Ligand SMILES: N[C@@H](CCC(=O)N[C@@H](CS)C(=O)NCC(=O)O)C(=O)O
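Take a look at this one chain, the form predicted alone, written out in structure tokens.
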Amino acid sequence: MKLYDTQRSGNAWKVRLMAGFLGVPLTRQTLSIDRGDLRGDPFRRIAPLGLVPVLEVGPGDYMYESMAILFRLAQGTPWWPSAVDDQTRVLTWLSFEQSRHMHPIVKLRLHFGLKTLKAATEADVAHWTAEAHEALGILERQLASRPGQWVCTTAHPSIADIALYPYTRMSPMGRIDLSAYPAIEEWLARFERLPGYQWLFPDIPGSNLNTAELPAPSRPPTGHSAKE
């Protein structure tokens, strides 16, 4: 399988985490946001949504959106539970991550960590901060009510844990102090001890809060095969 991603993408990190935990080898085509690779025609030809991650599961066969890719990879594994009620709970937390959790944390990370939201006002930042703390408070209460368990499963984590992990982990880049959330900190530590765990920059331990792209000769995809 081939993954089209960028170095700092939290959504692409989800896919790499899933592959690492499953022992699924991935070939990476790492593009550059800073160089504008995602805006180029070669990438857009394979990625109609214009976003990473894109997973090529076979010649010319592409999957889009991190939540859908996690679902695809988790089939037949403990990361996607077999019981319908448990599947429903996983879908609930996947929806929460996309609709309420990810966006304010992303905005704060872009503003404070990556310095790309230069037009953000104090009111914007205050709004995103309040929304981020509300979402983290919901996650904290869920985890605190299930000591030693996972977000919505018991003995084994699910793709809901993978979906919620990256932007929770990177929230300090948006000036969110996670020490106020002890259950989240314990969950993050347990998650990072799972066999197959990958750092944001896989070859650099402790790199989860890195802000800069590393120099790399990667190029936008060319030819018929590519999708985000």
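Sequential numbering from 1, following the sequence displayed. Here the structure is a predicted model, which means the values were calculated and not measured.
The same protein also has a form predicted in complex with the ligand, omitted here; what follows describes it.
> Counting heavy atoms only and using a 4.5 Å cut-off, do 10, 33 and 38 all touch the ligand in the predicted complex?
Judged in the predicted complex, 10, 33 and 38 all sit within 4.5 Å of the ligand.
> Out of 98, 116, 77, 87, which one falls within 4.5 Å of the ligand in the predicted complex, going by heavy atoms?
After the contact test, the surviving option is 98.
> Which of 184, 159, 52, 46 has a heavy atom within 4.5 Å of the ligand in the predicted complex?
None of the others qualify; the residue that does is 52.
> Considering non-hydrogen atoms and a 4.5 Å limit, does the ligand approach residue 102 in the predicted complex?
Taking the distances in the predicted complex, the answer for residue 102 is yes, it comes within 4.5 Å of the ligand.
> Mark residue 65 yes when one of its heavy atoms lies within 4.5 Å of a heavy atom of the ligand in the predicted complex, and no otherwise.
Heavy-atom contact with the ligand at 4.5 Å: present for residue 65.
> Taking the ligand as it sits in the predicted complex, is residue 167 in contact with it (heavy atom to heavy atom, 4.5 Å or less)?
Residue-level check for residue 167: yes, a contact with the ligand.
> Counting any heavy atom within 4.5 Å as contact, can you tell me which stretch out of 199-207, 185-193, 52-60, 22-30 lines the ligand in the predicted complex?
Contact-bearing stretch, as computed: 52-60.
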